[in-house]
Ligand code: GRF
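Consider the single chain below, provided in structure tokens and representing the form predicted alone.
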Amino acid sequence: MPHSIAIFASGSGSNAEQIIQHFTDHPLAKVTLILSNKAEAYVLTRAKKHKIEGRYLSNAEFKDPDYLLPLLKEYQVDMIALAGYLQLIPEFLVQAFPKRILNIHPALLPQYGGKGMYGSRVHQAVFNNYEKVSGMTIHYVDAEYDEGQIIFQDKVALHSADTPDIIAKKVLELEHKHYARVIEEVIKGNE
């Protein structure tokens, strides 16, 4: 029986889309559930388009183990991928899914990580510091922002003319290239 992946996302879900496509008709795993803390997030439209259960998750539901854990069990979830999810994962969820919650971060951690460092804020900080390189990090999730064990990183050269928007596009290309593949490798390693 294939592994069941839940994606947690807060925004448009372009990484979620890549993961869904990678695991469509895949013998190892499939995406069975997409949860968002924003009712209007485009990722929920993507879920509907792919006939995957997509749900808005209120703050109270997200922090309630008696709600969230049975929901994940209902969909037989054994791997969680955060794809632009902007909430700190509660300790009960980290404990219920040890080494089975992954996050992707749009910088080379440990630089430019932590509370409040997400999306365009990261790329603006990289730009402001005249960095010559940026990249992305895939890591296990623990109870702190962006501090879990690093699984994979890739980097891209930056040029002096690169704006934060250009940096964001370069990093997103790396994210799309690697995230689903790394999720697959982690699932294989956990078998």
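Here the structure is a predicted model, which means the values were calculated and not measured. Residue numbers run from 1 along the displayed sequence.
There is another form of this protein, the form predicted together with this ligand, and it is not shown here; the text below is about that form.
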Inset, instruction - May I ask you to state whether I104 is within 4.5 Å of this ligand in the predicted complex, using heavy atom distances? - result: yes
Inset, instruction - Give a yes/no on whether L172 approaches this ligand to within 4.5 Å in the predicted complex, heavy atoms considered. - result: yes
Inset, instruction - Could you confirm whether S12 comes within 4.5 Å of this ligand in the predicted complex, counting heavy atoms only? - result: yes
